[in-house]
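Below you will find one chain, with nothing else, as structure tokens; this is the form predicted alone, and questions on how it binds or moves follow later.
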Amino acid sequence: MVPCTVFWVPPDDHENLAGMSCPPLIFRIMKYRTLGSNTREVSAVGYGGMHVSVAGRPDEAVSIETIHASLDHGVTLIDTADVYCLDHTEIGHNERLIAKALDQWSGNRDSITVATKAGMTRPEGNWEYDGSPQHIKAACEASLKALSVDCIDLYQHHAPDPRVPFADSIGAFRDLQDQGKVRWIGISNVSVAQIEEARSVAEIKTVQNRLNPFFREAIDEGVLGHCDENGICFLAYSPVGGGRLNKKLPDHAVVGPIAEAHETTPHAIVLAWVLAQSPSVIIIPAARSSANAINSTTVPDIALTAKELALLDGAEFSRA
């Protein structure tokens, strides 16, 4: 095999590749998808920041190196939240980390879209809801400061709070958008009915729900289809299963042989399956190391065949 160097090419430079012939070089072009109707294009593979700020997180230097690896390999969407931290004493940890990584990055900061969230708290390390308008508006001010921006690109309601009318929560996001503090609004962990309720209050650009072969409720309950029908971008979190489940993938009877055929990892095959579910899907895998971050960015190159997709669709992915 001839040694090669991989170059990542931003969309503005694609036309410059025409006619080039450099056998030892590989020009890998990141694929882009729209972040909802009338928004901007972002990389089909985003970066989920949670795991470099919660329990088991790496050192800050390693975390920043990991974020830079994603960006250097074509990622233009970073997903975070104010509650990605250890507990209530360090709310905004991940947002501050991302702001620092972007400040130190050698690339074009304006090319990166940062999405964050509000609507939860971390008392003593627990995960609890707070969808009150007062909390959401105060959280926005803190996130603006943590991210060192004047306007949040995509501000997402983290999860419906059963104690607060959903429309009231979304109304707070609409108010923030009217004030110029938020560019676009997204919602997360929602049903079709909740999507429609939110859309009656504000223009919703994205829905962020779980989607992976182990958990397919976004497909089975119609959320993904509803997003497709209404021009809403679907941000797939936990796209390889999360936690102990993704450790099952290397030994999976169906995933393993497909990964071997494509000369890639089982995790990349599962990410490719999620990405193939709809043109509206953008995956936001997490990574605690540069190697894992880079592996995720190769996913748009994987063209699963109809037979392979059918095999993955029909395979059992046990959660036991």
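A quick note: this is a predicted structure, and the numbers were derived from the prediction, not measured. When you see a residue number, it is the position in the sequence shown, counting from 1.
Below: the form predicted in complex with a small molecule, not depicted.
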Problem - Any non-hydrogen atom of residue 205 within 4.5 angstroms of the small molecule in the predicted bound form - result: no
Exercise for the section: Tell me, yes or no, whether residue 240 is in contact with the small molecule in the predicted bound form, where a contact means a heavy atom of each within 4.5 Å. Expected result: yes
Practice task
Indicate whether the small molecule has at least one heavy atom within 4.5 Å of a heavy atom of residue 48 in the predicted bound form.
Solution key: yes
Practice task
Indicate whether residue 280 is a 4.5 Å heavy atom neighbour of the small molecule in the predicted bound form.
Solution key: no
Problem - Heavy atom of each of 100, 116 and 186 within 4.5 Å of the small molecule in the predicted bound form - result: no
Completion exercise
Among 230-238, 197-205, 137-145, 161-169, the stretch whose residues bring a heavy atom within 4.5 Å of the small molecule in the predicted bound form is 230-238
Handout entry: the small molecule: the contacting residue among 42, 255, 271, 67 in the predicted bound form [heavy atom, 4.5 Å]
Key = 271
